[in-house]
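Single chain ahead, by itself, as C-alpha cells, in the form predicted alone.
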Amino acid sequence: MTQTRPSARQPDQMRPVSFERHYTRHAEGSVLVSFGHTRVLCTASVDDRSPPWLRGTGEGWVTAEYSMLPRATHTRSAREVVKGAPGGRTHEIQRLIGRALRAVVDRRALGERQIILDCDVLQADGGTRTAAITGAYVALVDATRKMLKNKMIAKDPIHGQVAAVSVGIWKSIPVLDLDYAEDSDCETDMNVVLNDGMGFIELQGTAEGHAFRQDELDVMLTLARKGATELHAAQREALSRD
C-alpha cells in the first residue's frame, strides 16, 4: 500500500511558494518568503564598510545572520541573545546562507562594501534554511538593483540565481520539500543548494535511519533539481513585478 504524505502532496510536489517583496520599509531589499506554512523574513542591508580583512582589496562581501522567533515552533524557545551567544545550529545555517549567496555574486563589482542578509524565521514548518536561502536571493537582487539605481556600483554584481530545497526518504519514499511532519520522521534528510545552471553549490545529507543507497541518492537529486527549477522560475516571476 502506497503511503500518503501528511500534506497529501505527491512525492515530487513542492508546497505552495510565494514571495512578498518590499515587505519592510527601510531595508534596501526585503521579502517575506513562504514555503507552505514556513515563513521567513529576509532583509538585505548595504553597509559601506567592508570587513577588516578585505580592506584595500577592492572586493566586497556578502554575509548572513539567521534567527528563529521564540514562538516560531510549537513551543516557545528562549531568544539566543538571552543565552549569550548563537547556538551551533544557528552558526551553521547562517554560514550556509552566506556561502550560497556568495556563489552568485561578483564581489569585486560590489566594491569595498558588504551586504548583510538577515533571515528571521517567523513560523517554522520544516525547510527554514532552504526557504531562507531562496528568499534571501530575492532580497539580495532588490538591494543590488537599488545600488545600481543610486549609482553606488557601476555594474550588476549578480551573475546567476540560487535556490535551495530539501529532499528526503520518508516511509521508504523519496520526497521533495519536507514539512515538519516528514522531517521529524524521515529516514534520510538532505538540503540541496543549486544555481540556475543546475550546478550544485552545497549538499547536506544525513541518514537518520538506514544508510541511503546510490539509487536513492540519484532519485533525491533528481527531485531536488525539479524543485530548484520551480523555485528559480518563482524567483524570476517575483522579481519581474515592480
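Please read these numbers as outputs of a predicted model, since none were measured by experiment. So that there is no doubt, residue numbering starts at 1 and follows the sequence shown.
What comes next is about the form predicted together with another copy of the chain, which does not appear here.
Ala124 is the sole member of Val141, Ala124, Leu110, Met147 with a non-hydrogen atom lying within 4.5 angstroms of another copy of the chain in the model of the complex. Another copy of the chain is not shown here, but in the model of the complex it comes within 4.5 Å of a heavy atom of Glu28. Contact annotation: Phe212 falls within 4.5 Å of another copy of the chain in the model of the complex, judged by heavy atom distances. Using a 4.5 angstroms limit between non-hydrogen atoms, Cys119 touches another copy of the chain in the model of the complex. When another copy of the chain is considered in the model of the complex, Ala154 lies well away from it, no heavy atom lying within 4.5 Å.
Remark: all three candidate residues (Arg76, His91 and Ile201) come within 4.5 Å of another copy of the chain in the model of the complex, counting heavy atoms only.
Taking another copy of the chain as it sits in the model of the complex, the stretch 224-238 comes within 4.5 angstroms of it through a non-hydrogen atom at just one residue, Arg225.
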